[in-house]
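Take a look at this single chain, the form predicted alone, given in structure tokens.
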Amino acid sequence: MRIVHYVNQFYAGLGGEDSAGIGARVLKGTVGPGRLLAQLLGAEHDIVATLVCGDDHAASHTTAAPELLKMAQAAGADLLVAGPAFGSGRYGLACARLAAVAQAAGLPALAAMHPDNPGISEAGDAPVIAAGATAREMRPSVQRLAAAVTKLAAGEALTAADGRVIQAARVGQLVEQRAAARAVELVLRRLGGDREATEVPVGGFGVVDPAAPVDKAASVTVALVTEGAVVPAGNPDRLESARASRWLRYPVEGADTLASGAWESVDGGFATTAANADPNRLLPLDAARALEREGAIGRLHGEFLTTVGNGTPVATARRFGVEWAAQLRKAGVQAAILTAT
């Protein structure tokens, strides 16, 4: 089969976040993970072109997927393969949307991403093959993808045994009222002030009531906490780059700044070059010390707390929050500054 492969700007070697806004384009042959995919597929299949689009552009422009599809069709594609996108949200969204529009247009398509990727629901009828959470699992992810491509090319259906992500089935329910009558009833309930009634419940995030504002910041102890994965250089405690299972603490007593080269971010969800050049961009120790000297805050807590927010489940993040609050209250901290990526 003639295969066209889609990757984002990072895996195409065109740049990181600085190139996330580039538009759709086509490259000849294979680049990045496409080289491994071509090697695994062998001579029986040919990756004739690689499609590329910046993550920001692909996620924010609804015209990106149709434009990429036209490029794939112009390249004579028999099959479109997107990813693997791992746990990356924007990249996963682009892969899913492209696979969906290709499948709807009659071009067989296949995407690969982690089962928890937020873009997976956009894939429509196109099959999605499970990939690892991060690029550290590139080889096994591409191996699984290549096996799925071979099976799909042979006209066989993909199942969960092949790594296909099976989304929950929609189950019909017999009701007494017709849809029109139920719709009128729901409108009347809305007009009566009921904002909760629905036939399509949608999951969401809990709402947290903010604490009361600090009356006199000049008299309180303030802590710095971050989900930006700021750790000592070399990551000696091996904090995960995604899907955190724990959090860490590090002393900053007597330090006025986080020195470049001594600290780094290991967050796998964004390009960390600028943050590592000046770690204070993620954890503003220098600015906090200035506020302490000016008397704007009473005192800066002697250690900071850190974890990674990239792909971390809500339940885990909620547990971290409870644990952080308990630790800070025990240390006599009255306020905290939480920095995020």
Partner chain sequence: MTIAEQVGAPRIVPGRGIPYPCGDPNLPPAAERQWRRQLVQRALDAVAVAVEHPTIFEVDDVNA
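Worth saying up front: this structure is predicted, and the values here are computed from it rather than measured. Numbering follows the first chain given and starts at 1. Only the largest set of C-alpha atoms that superpose within 1.5 Å between the two forms is called the rigid core.
There is also a form predicted together with the partner chain; it is not shown, and the following applies to it.
Though the partner chain is absent from this view, in the predicted complex it lies within 4.5 Å of a heavy atom of just one residue from E199, D125, D194, D215, which is D215.
A heavy atom within 4.5 Å of the partner chain in the predicted complex is found for one listed residue only; from V26, A274, L40, V48, this is A274. At the 4.5 Å threshold, heavy atoms of Y250 stay clear of the partner chain in the predicted complex, well away from it. With a 4.5 Å cutoff on heavy atoms, R35 does not count as touching the partner chain in the predicted complex; it lies far away. When contacts are judged by a 4.5 Å heavy atom cut-off, L282 counts as touching the partner chain in the predicted complex. The partner chain is not drawn, but in the predicted complex it has no heavy atom within 4.5 Å of A77. Stretch 296-304 is the contacting one of 296-304, 27-35, 57-65, 40-48, since its residues have non-hydrogen atoms within 4.5 Å of the partner chain in the predicted complex. Judged against the partner chain in the predicted complex with a 4.5 angstroms heavy atom cut-off, the residues F86, G106 and V165 are out of contact without exception. For the stretch 137-161, the set of residues having any non-hydrogen atom within 4.5 angstroms of the partner chain in the predicted complex is empty. P127 shows a C-alpha shift below 2 Å between the shown form and the other one [criterion: core-superposed Cα displacement of 2 Å]. When the rigid core is held fixed, the Cα atom of A105 travels less than 2 angstroms between the shown form and the other one. Once the rigid core is overlaid between the shown form and the other one, A229 counts among the residues whose Cα shifts by 2 Å or more.
The pair T50 and T273 separates in the predicted complex: their C-alpha atoms are at least 3 Å more distant from each other than in the form depicted.
Annotation: R318/G87 CA-CA distance shorter in the predicted complex than in the displayed model, change of at least 3 Å.
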